[in-house]
Ligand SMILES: N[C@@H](CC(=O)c1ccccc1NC=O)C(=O)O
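One chain follows as structure tokens, the form predicted on its own.
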Amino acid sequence: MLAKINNFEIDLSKPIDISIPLTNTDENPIAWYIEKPSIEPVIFGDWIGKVSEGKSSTNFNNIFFNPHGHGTHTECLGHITNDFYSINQSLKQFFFFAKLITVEPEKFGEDFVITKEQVQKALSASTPLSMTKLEAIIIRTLPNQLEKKSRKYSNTNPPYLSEDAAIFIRESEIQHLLIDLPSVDREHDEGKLLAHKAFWNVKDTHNLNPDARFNATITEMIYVSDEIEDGNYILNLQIASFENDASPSKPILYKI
């Protein structure tokens, strides 16, 4: 099934899923010091909401999870603000022109950091989308082991995005940032959240400046396999309709 967006043709029958499924197994990735998700049938007395138990005609599960710590998720600036803002209200469009880049974070002391220069170089290296404005950037980091889909990130000091890189992405007017790490910021950063604040242009989390980027989003903990080439794509950024700062999400790419 073919579709055209601004004269670019995409094949909707060939989606490229870059999300990580949420499961209740030990294969589920985990960040931020929590346990794995729980998916369990509802129990009322001797009734169990599970067909295989022989006492229910339907499977009827409760799910307990944290969007930030249990897999691919998309968040809005409400993640860091005193006042409440929801991803469901912030993200109103779902198809974007996107560019996938691959970078190997540079070592600085005990940290591995994605720098402004790396992002700038990677963006300029690939073919531009004619006169079309770039709306989203997808960052795949090296090394790109399959283990990313099940990694336990807590207390491992994963790589992160430098403040300058986040400012560069913001100043490039890119609205949506996707990355295969648990956070764009350092795991232990004393609450500074420099990259989050820089990308969303949040100067004071308690008194939000009017030019903060209310419609911009950050998607973390994606997985982009090696078979997917760097370059230009159409991104379909799918979320659940949670009135929360973040939602589990399912970003899908389509080749142009």
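Every value quoted in this text rests on a predicted model; they were computed, and no experiment measured them. Start at 1 with the first residue shown and count on from there.
Omitted from view is the form predicted in complex with the ligand, to which the following refers.
Listed stretches are 192-200, 227-235, 209-217, 46-54; the contact stretch with the ligand in the predicted complex is 192-200, by a heavy atom cutoff of 4.5 Å. Proximity to the ligand in the predicted complex holds for none of His70, Lys149 and Pro158, with the criterion being a heavy atom within 4.5 Å.
Within this chain, Pro182 lines the site of the ligand in the predicted complex, having a heavy atom no more than 4.5 Å away.
Remark: Arg186 counts among the residues lining the ligand in the predicted complex, judged by a heavy atom distance of 4.5 Å or less. In the predicted complex, at least one heavy atom of His79 sits within 4.5 Å of the ligand.
Taking the partner from elsewhere, Trp32 is found to have a heavy atom lying within 4.5 Å of the ligand in the predicted complex.
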